Each structure stands twice: as structure tokens, then as C-alpha cells.
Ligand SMILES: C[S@@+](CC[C@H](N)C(=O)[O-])C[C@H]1O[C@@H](n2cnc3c(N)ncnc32)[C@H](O)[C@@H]1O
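Below you'll find only one chain, the form predicted alone, shown as C-alpha cells.
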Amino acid sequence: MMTTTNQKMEGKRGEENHSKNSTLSSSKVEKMQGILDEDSTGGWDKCWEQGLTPWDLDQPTPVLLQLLDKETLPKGRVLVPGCGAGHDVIAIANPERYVVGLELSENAIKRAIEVSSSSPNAKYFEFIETDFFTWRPTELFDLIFDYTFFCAIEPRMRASWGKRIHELLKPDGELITLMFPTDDRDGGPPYKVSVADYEEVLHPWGFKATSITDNELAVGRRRVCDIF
């Protein structure tokens, strides 16, 4: 399902740049975590306001673009929870797919509207500032795409996440979730996740994994793609 990409580093200069970028990213993560420790809800908006968004790729998720290119995504209504600046929402939207991007942060929504202002498919998507766990749409979804959302919520909220996915997805709908991070760690966000963590909260609702694969197009160590 996935193919490798050519992302070679060129000599010592490439290694030094990679190290520098990793250090900057770690610093942003630490500052982000400090803000969220003080305010677990409003802190996300503060992070967007201050530009502390190390999860934001400033482009659509590479593996998503591959799935779109292969025309393997379901058609119909699509939900992207924790959509951030909306790059994935914009990429998915077309006459065959209407996409709803959810965000808790007002500043993220403003950024998403700015990023999408020139999109030719603007009538096929919308951004809503709301809480994923309390939002009640009038229609269910054919596809839910979750990337850096599950890992951002506190582990105690994961069972509620599973319930909401079940409530929002059509009975024959599809969930695509990219697992990250999968390394050993304490605290977060991002919080450590595993296949077992997803199975624990999704199996009670009748979900079954149809595909679990290494994501060779992933940025950095964001490697695994699950489809339920």
C-alpha cells in the first residue's frame, strides 16, 4: 500500500541541519507542553497564537496525498478532527467528498480559513470551531481521518474518543488513523500510542482493522498507518 520516498541526507551539512531542526522541534514541544500543563483546554489556542505548533507540517500529510492519488479513499462525507491549519481538509475536498474540519482553537480556525482562501474547492469543505467530544452533527460520515489527534488527547479520554468515532461514522464507514508516537515515553502530548491502544477503545464498538502498515512516506518517525 505504501511506497518509499527518496529523502536522502547529503553529507555532513544535511546531518547538521537535521540535528538543528530536531533541537528546535524539541524546544517547541517542551514549550507547548508547558502551556498545556497550565491550561489543558485553552492552551491549544495559545500554542497556535504563539506559533508553537510542531505537529503542523504546513502541507497535506504525504501518505494522504498518496491515498488520494491511488483513489482509495471513500467518497461522501469526511471528518478531520483536530484539523489544525486545514491542509488535509483542503487536499481531500472535491465534488465527490465534502469535508468537515473540526478545531478547538479559534486561532487554528483563523489560520485554516487563511490557508484555504484561494482553494478552488472551497464549497466542498468547512471549518468548525467546536469540541469533538460534544459536537452533534446532523449527518454521519463515510470517512474519518485522524492524524495527531488521538495522540494529543489525554489517555483517560481515549475511551470517549472511541465512542465518538462510533457515533459519528456510518455503519459501513472507514476510519484512517496514523499512529504517532510509538516510542517509549512518559507524559505528553504527544502521548505514546500503540495498536493495542486503538484496539482497546475501538473493538468494543465493532471496529476491525482492515489494514495495518508501515507508512514509508511518514515525516520523521511517524511511521504506522491503521485503517479500520
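Start at 1 with the first residue shown and count on from there. Just so it is clear, the model here is predicted, and its values are computed rather than measured.
Omitted here: the form predicted in complex with the named molecule. The next part is about that form.
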Practice task
Please state whether all three residues 48, 84 and 102 have a non-hydrogen atom within 4.5 angstroms of the named molecule in the predicted bound form.
Solution key: yes
Problem - 4.5 Å heavy atom contact, residue 121 and the named molecule in the predicted bound form - result: no
Problem - 4.5 angstroms heavy atom contact with the named molecule in the predicted bound form for residue 191 - result: no
Problem - residue 140 within 4.5 Å of the named molecule in the predicted bound form, heavy atoms - result: no
Exercise for the section: Flag residue 127 as yes or no: does it have a non-hydrogen atom within 4.5 angstroms of any non-hydrogen atom of the named molecule in the predicted bound form? Expected result: no
Fill in the blank from the handout: The one residue among 56, 30, 199, 39 placing a heavy atom within 4.5 Å of the named molecule in the predicted bound form is 56
Handout entry: Contact stretch among 145-153, 113-121, 92-100, 68-76 - heavy atom within 4.5 Å of the named molecule in the predicted bound form
Key = 145-153
Handout entry: Those residues of 129-145 which, in the predicted bound form, come within 4.5 Å of the named molecule by heavy atom
Key = 130, 131, 132, 133
